[in-house]
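As structure tokens, one chain now follows by itself in the form predicted alone.
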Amino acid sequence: MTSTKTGRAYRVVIIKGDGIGPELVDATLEVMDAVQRKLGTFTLALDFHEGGAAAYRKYGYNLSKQSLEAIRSADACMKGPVGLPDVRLPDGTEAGSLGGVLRNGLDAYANVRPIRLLPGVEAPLKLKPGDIDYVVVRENTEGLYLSRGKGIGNEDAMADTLLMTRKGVERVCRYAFELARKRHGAPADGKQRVTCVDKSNVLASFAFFRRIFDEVGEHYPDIERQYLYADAATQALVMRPQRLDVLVMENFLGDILSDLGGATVGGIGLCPSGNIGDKYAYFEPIHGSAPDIAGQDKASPISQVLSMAMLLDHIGERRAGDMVWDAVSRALETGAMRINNMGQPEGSTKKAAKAIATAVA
């Protein structure tokens, strides 16, 4: 961040991505312009870079070393969804995915996924806005996904290794407890709590995770500790989400359970995320690139817009971030923006972006 005569200035790397990514990013930048004009206290200097499946097709890599260095030197990065199902590496995995490149390259060890029921959304659960408001903190650099591209086997068997280290578990648990201190607690009782989700009854690696969770938790006597096995957690996300505040878990579990949480609030098209480390961070929707509707102006921009809200909060512009959340809620509550049962905005992506930008106040 730098200071100018007109206020604070930040450099943000933008990767538009694949499929619906460019449409979502353009919609988000429209909302961002409205926030900057409204406040007049900061500016974002945008630095656009290519990344994803289209970049792989074009150059033979999904993100250049120069782009990675640009992200490291920026205040933050926002990317659209990346990847296309037909662009794959020799081992069969998607070539456009940037998860391994960015999460490990930036040591962004905490994947932070807010799950919040917004007004005006037809969610499958019989709950009202405010009843679901928790955050999944997913360890982002270890766990089962550390085996990405490293599976060992042959035509008859294949093995992927799940690895957790003390350093990795300690820091993601510490992040979860610190986050709980900043929140207002679970909707049901207002208690600030962190829930450890694992399979410590079956696997030694998860027992290791729980043991370190407790060691870290001892330093946060003001925060309640709770424990759920992963299978029990799937039930809790549906039957009693009001009692959840912050949940912390291994990489693979976090990937799956956060999508279940997204389904309970109307779909993952409403869910943002941040990938945050001690030095670097980038922000993105939790869903994919939806190539089947790319270029059709049908995709919901909400997840991308709210990812920008998280970015603003991360760089210290919390008021601006809150304004974005409020604008999305206001547009939905007033009916200026409606989301159908397919998770798509009525009208178009562009119409939805305009509704959110107009609701900035």
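All values reported here derive from a predicted model rather than from experimental measurement. Sequential numbering from 1, following the sequence displayed.
Beyond the structure shown, there is the form predicted together with a small molecule, which is absent from this document and is the topic of what follows.
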* Asked: Taking the shortest heavy atom distance, is residue 145 within 4.5 Å of the small molecule in the model of the complex?
  -> yes
* Decide whether residue 135 counts as a contact residue for the small molecule in the model of the complex under a heavy atom distance cut-off of 4.5 Å. => no
* Hey, in the model of the complex, is residue 141 touching the small molecule, heavy atoms inside 4.5 Å? -> no
* Would residue 97 show up as a contact with the small molecule in the model of the complex if we use heavy atoms at 4.5 Å? -> yes
* **Per-stretch contact check against the small molecule in the model of the complex, the hit in 176 to 184, 198 to 206, 145 to 153, 236 to 244 (non-hydrogen atom, 4.5 angstroms)** => 145 to 153
* Structure fact -> None of 108, 286, 216, 169 but one has a heavy atom within 4.5 Å of the small molecule in the model of the complex; the exception is 286
